[in-house]
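One chain comes next, on its own, written out as structure tokens in the form predicted alone.
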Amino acid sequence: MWRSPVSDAVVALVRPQPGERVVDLGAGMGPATLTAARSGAHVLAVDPTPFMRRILKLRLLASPRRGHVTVLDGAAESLPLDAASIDALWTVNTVHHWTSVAKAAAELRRVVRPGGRVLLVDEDFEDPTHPFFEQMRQRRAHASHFAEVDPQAVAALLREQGFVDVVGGFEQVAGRPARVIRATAPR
């Protein structure tokens, strides 16, 4: 959670550009936020958990890029952002926490500007080739907050909201199996 090869790979796939406004949705302790801030983009790190936001704010104190990051309270279903104000948005390992994927899809469509990019990635801990398969299998047996993420169903919800170039499926991200959804807001 402090550093993450998956987060680094997701940011590389999104390719934030200098001057862009981008969102790390469910930023947690900020591994993707800090990586993206190095690009010169302004990163809006959105997380619903006060503890995670505090940790990220503490991390930013030591970052030379802290001026490129704003930490915000919010969730996928209720983003504290203006309409059509975001150039790119990603999330890493949070879709399984969303309370309503349909509401989240509507919010993503509301905030992403025409031509903006969306990349949603949840590692596939149910794949036996994942390095944390056994550990996560035991955790899931005792937890109710891990919803099944069907990348094709999430992709269908984004299409319903008008996103284009939508693809949902299973891919390798940083050498790990993942459930990946890509989309673009229509121009």
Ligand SMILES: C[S@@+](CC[C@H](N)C(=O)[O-])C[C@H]1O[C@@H](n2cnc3c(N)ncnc32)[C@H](O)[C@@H]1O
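Don't overthink the numbering: it's just position in the shown sequence, from 1. What you see is a predicted model, and the numbers here were worked out from it, not measured in a lab.
One more form of this protein exists, namely the form predicted in complex with the ligand; it is left out here, but the text below deals with it.
**Student:** Taking the ligand in the model of the complex, would 7, 31 and 94 all count as contacting it (heavy atom within 4.5 Å)?
**Tutor:** All three within 4.5 Å in the model of the complex.
**Student:** Pick from 49, 70, 152, 63: which residue has any heavy atom within 4.5 angstroms of the ligand in the model of the complex?
**Tutor:** By the 4.5 Å heavy-atom cutoff, the listed residue in contact is 49.
**Student:** In the model of the complex, is there a heavy atom of the ligand that lies within 4.5 Å of any heavy atom of residue 27, even though the partner is absent here?
**Tutor:** Because a heavy atom of residue 27 falls inside 4.5 Å of the ligand in the model of the complex, the answer is yes.
**Student:** Can you tell me whether residue 77 touches the ligand? I mean in the model of the complex, with a 4.5 angstroms heavy atom cut-off.
**Tutor:** Heavy-atom contact with the ligand at 4.5 Å: present for residue 77.
**Student:** Using the arrangement in the model of the complex, list in sequence order the residues of 152 to 187 with any heavy atom within 4.5 angstroms of the ligand.
**Tutor:** Contacting residues: none.
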